[in-house]
Each structure stands twice: as C-alpha cells, then as structure tokens.
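First, one chain by itself in structure tokens, the form predicted alone.
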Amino acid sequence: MKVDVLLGLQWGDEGKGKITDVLTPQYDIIARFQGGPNAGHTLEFDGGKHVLHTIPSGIFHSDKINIIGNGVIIDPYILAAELRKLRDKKVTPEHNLRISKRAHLIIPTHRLLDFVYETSKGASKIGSTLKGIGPSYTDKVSRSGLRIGNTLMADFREKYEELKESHFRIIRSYGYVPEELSIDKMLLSEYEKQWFEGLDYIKDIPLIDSELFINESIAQGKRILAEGAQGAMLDIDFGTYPYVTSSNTITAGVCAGLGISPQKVGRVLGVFKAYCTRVGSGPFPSELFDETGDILRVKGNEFGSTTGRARRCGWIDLPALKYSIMLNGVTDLVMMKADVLDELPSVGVVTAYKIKGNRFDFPLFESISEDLEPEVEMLKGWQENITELQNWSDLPVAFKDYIHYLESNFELPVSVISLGPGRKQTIIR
C-alpha cells in the first residue's frame, strides 16, 4: 500500500479541504505534512461551515485517524481554539487526532518577529499572515527551535525562555520594545499566558512518533492520504520566490514532512481552481483588474478564511499549472469552483508568457523579476447554473469543452469536478 497525496497546484486556496473531506471515506488515515496555521481549509456540510488551520480535513470522520505530521508547525494557542470549536460541534479529536512529537512550535515571540520583519520591508512586503510561520521555520533550520515533544521534558520552560530572549535581542535591534508589541490585540504577557493555557488544553491529544506510526500503517495495508497546505507556486524552492511560504508544498515535501520514502508515494491528486487567485504580493500574470475580476472575487467569495483579506483574481494559468504538474508528478486533476464562471459569456485561459518579446510555455527564474505579458485565449462560456447537477452527462456542452481543452493541454484526466462548496456538489468521473 502507498500513500496518496492531495495538494494545491496554484497559489493556495484551491479548495483542498473540501476534497480531502469528500475523499476521506476511502482512507484510514489523513496526515498533514507541512505548513502551519496560515492555512485555512474550509469544509461545508449539513448546513454548517467549518474552517481548519492545523488539523487535517478528515477530522469530522470519527473512524479515521488524523495526523499532524512532523513537517507541520504548531501554535498551541491557535490549535486549542480550533479544538474548542470542534468540541462545540460534538467532535471528539482526542479520539482520532495524533500529533508528531517532532512538529515544531510557534512560540509567541515568533509572531512578534514576523511583524517586525514584515514591517521593516516597507513597500516590499511579502504579504505574511503574521502567524509566526517564517520565523518558526527559520529557527527549525538554524537548529534552535522547540518541538512539541520538548513539552514532555523537564527543562522545557528553561529552553523556552532561552529562545524567547534570543528573539528579544533581534526585536530590540530593529528598534522595537518587545513587551509593548501586541499579538491579536493582546500585549505579549497576556498572549503568552493564553499560549501556555493552550498548550495545557491540547495535552489530551496523543503525541506520537508519527514516522514510525505511518510506516507501520503502510506495512499493515492501511490507506493513507497526505494533505498539503498552500500551493505548489508558493513552494519555498520552486514557487515565486521570495513571495512564497516557508515550507516545501510539493510532493517531495511529503517524504520529509511525514518520514516516508519516495517509493511509498502513490497517486498524486492536484487541486486547482477553474480560474486563479493569489493573496498578498508577488507575480500574478493572469490577474484581472476589471469588472470580471470583481465578479470572480464576489461570486467565488475570494476572501481569506484565515486573514479575511481579499484575494487577487484572474484567469486560469496553463504555464504555471503545467509547471506544478511536472514538479508534483500529478496523476489526477481536481477542478474546483467551476460554478463561479457560470454567468460569464467567455472564459479566459493564459496559454503562454512573453518576456521582452520572447514566448515561454513555463515560468522561468526570470519570471519573478521581469514584466510578463500573458497570452490569453478566450473560450465560449456556458452561462448556465451547474451547481445542482449531479452527473457528467448533465453538464453543458461548453463546460465539457472547457474540461476537454484543459485535459488536452495537461495530458491528464480531470477526475473530480467541484460545482459548489457542499460535499454533495461534487462529480467524480
């Protein structure tokens, strides 16, 4: 048995949470392998809306084990709030959630550092969610971070204070007084108190050696789905650097983020929107600044589930998607939010880029610093409400033509089509 992977192919916010939830009945274990609480996976079912930040999207299936892998970073304050909301909905995460002992912690001063670093960039801001993600990964790489397994050790508080003081030195060097800075409208001392209360609250979630658990589960024939956060174009190595996240969001990140060998990776399901969005700064060749962009934003409810920020919207970008498919070894494509395009008389597709008059079919290193001119092909829209359709055969001809057009370009099947936010608004071909 191998580990299947589900990840985003664009700049995040593709709808991975919904699809993970829909596919969870086919699996025994759902495991997050990277990222932190900057993720916002939205699920809608039974008349309710649920947003997950750190916990895998299979948590609402009580008979499925959910694992926060070693590649994920955890803020106990945020995780505790997430757990409380689940318990208010009669979910019992203490029974089917596990956390890797090797997962790194976001401590309060990581969030202060995030604010200081981002503010110091001025007009060159990256667009950080200010959740402390980058500084936590920085400490991980510099071998000074704390892992959640350290909370089981007698010297944890001592190590915490040492790390906190090292952060204070950096913050003061930028001209700030750490104690005077606020996090979520709380001064550091108040937030720190709630952070430790959060750490205490999550103690009933078992901490495990997840790499051993997962590999033993593979040997036992368990079906495992690895759930990614963000998207391939935000990958720390292959995304639109420096406007990226701090982890490897591509399939390769599964091996390091869960502790499995490459030979253990099975199907790779690449999730993408029928159009494109991006949050924060960075290149976005297909961005629309007109009324159509506004229609996509409003109808698609393109506002961050974590930050509430309005997303930039544009046409689907084939060069970027082909690049993501190549990097991830995608075997199956999953299209999200096709219904958002319902009312448009024509639908745009970016087919290539031009840089200084030269045409390119893939994003290049120079794509970050050079002005890109997108080549756009307009396809006929279907102008029909597809949100209630249940079968492929019922879909409008123009919509099927759009799917076939994409499949011919990607040389891959679009296996799953989402026609709305609900579980049942999904066609599996």
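Since the structure is predicted, the reported quantities are computational estimates derived from the model, not experimental observations. Note that residue numbering begins at 1 and tracks the sequence as displayed.
One more form of this protein should be noted, the form predicted in complex with ligand IMO, which is absent from this view; the next part is about it.
- Using a 4.5 angstroms threshold between heavy atoms, residue 55 stays clear of ligand IMO in the predicted complex.
- Contact check for residue 128: a heavy atom falls within 4.5 Å of ligand IMO in the predicted complex.
- Residue 309 belongs to the set of residues with a heavy atom inside 4.5 Å of ligand IMO in the predicted complex.
- In the predicted complex, residue 109 stays away from ligand IMO, with no heavy atom inside 4.5 Å.
- With the partner omitted here, the residue from 86, 260, 347, 279 that has a non-hydrogen atom within 4.5 angstroms of ligand IMO in the predicted complex is 279.
- The single contact residue among 72, 148, 234, 334, judged by any heavy atom lying within 4.5 Å of ligand IMO in the predicted complex, is 234.
- Comparing 90-98, 216-224, 160-168, 242-250 against ligand IMO in the predicted complex, the single stretch with non-hydrogen atoms within 4.5 angstroms of it is 242-250.
- Residue 38 is the sole member of 17-38 found to place a heavy atom within 4.5 Å of ligand IMO in the predicted complex.
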